[in-house]
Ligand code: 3PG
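First, one chain by itself in structure tokens, the form predicted on its own.
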């Protein structure tokens, strides 16, 4: 696996990666269909509920979806997610064990980093696409902008506090092509089965990103 480019397909697929919490796996396929219809194919199912792995498997069966797993904190989770159909994995941070595990599995991996030391360590391991988490709490777009010239090989996916309201702050940065956000898949809409709302939110995100990048 070429670690520097392994997650390019995730970074380049769309300007937003929906970060989705699923409590009922039977709704996962409909969530994915709605997001794909809105133009957001990369879908990160977070490992925050007992239904997450079953939901991931359901998303993997949706045409056009690129299923991923988030909040990964162990190699065992990576292994289980890959068996369930995950095409990429995301972590809030990273450890040598997780890096080794992803490489052994050949699973495209977006490790988290929030400090220069973490970023530099990941560059040494051959990574160029990183998650920046928690984005807003760590200093937001103003903080991340500092690394555009320092670490020119890195592209970031900021997650944590990112929304439509501050999307432009992040996507206008030269080292950010994509953000992760839960606002495009709100819990209330999922519980209500309001798939039209999810599609509309996805389209709004795409429209806003296109304006920023115009």
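Numbering follows the first chain given and starts at 1. Just so it is clear, the model here is predicted, and its values are computed rather than measured.
This next part talks about the form predicted in complex with the named molecule, which is not shown.
This chain is displayed without the named molecule, yet in the predicted bound form the stretch 161 to 169 from 60 to 68, 161 to 169, 33 to 41, 141 to 149 comes within 4.5 Å of it by heavy atoms.
Under a 4.5 angstroms non-hydrogen atom cutoff, the named molecule in the predicted bound form lacks residue 109 among its neighbouring residues.
In the predicted bound form, the named molecule sits beyond 4.5 Å of every heavy atom of residue 94. At a distance threshold of 4.5 angstroms between non-hydrogen atoms, residue 127 is out of contact with the named molecule in the predicted bound form. Of the heavy atoms in residue 48, some are within 4.5 Å of the named molecule in the predicted bound form.
With the partner removed from view, the residue among 10, 202, 22, 19 that has a non-hydrogen atom within 4.5 Å of the named molecule in the predicted bound form turns out to be 19.
Residues of 112 to 146 lying near the named molecule in the predicted bound form, listed in sequence order, are 131, 133, the criterion being any heavy atom within 4.5 Å.
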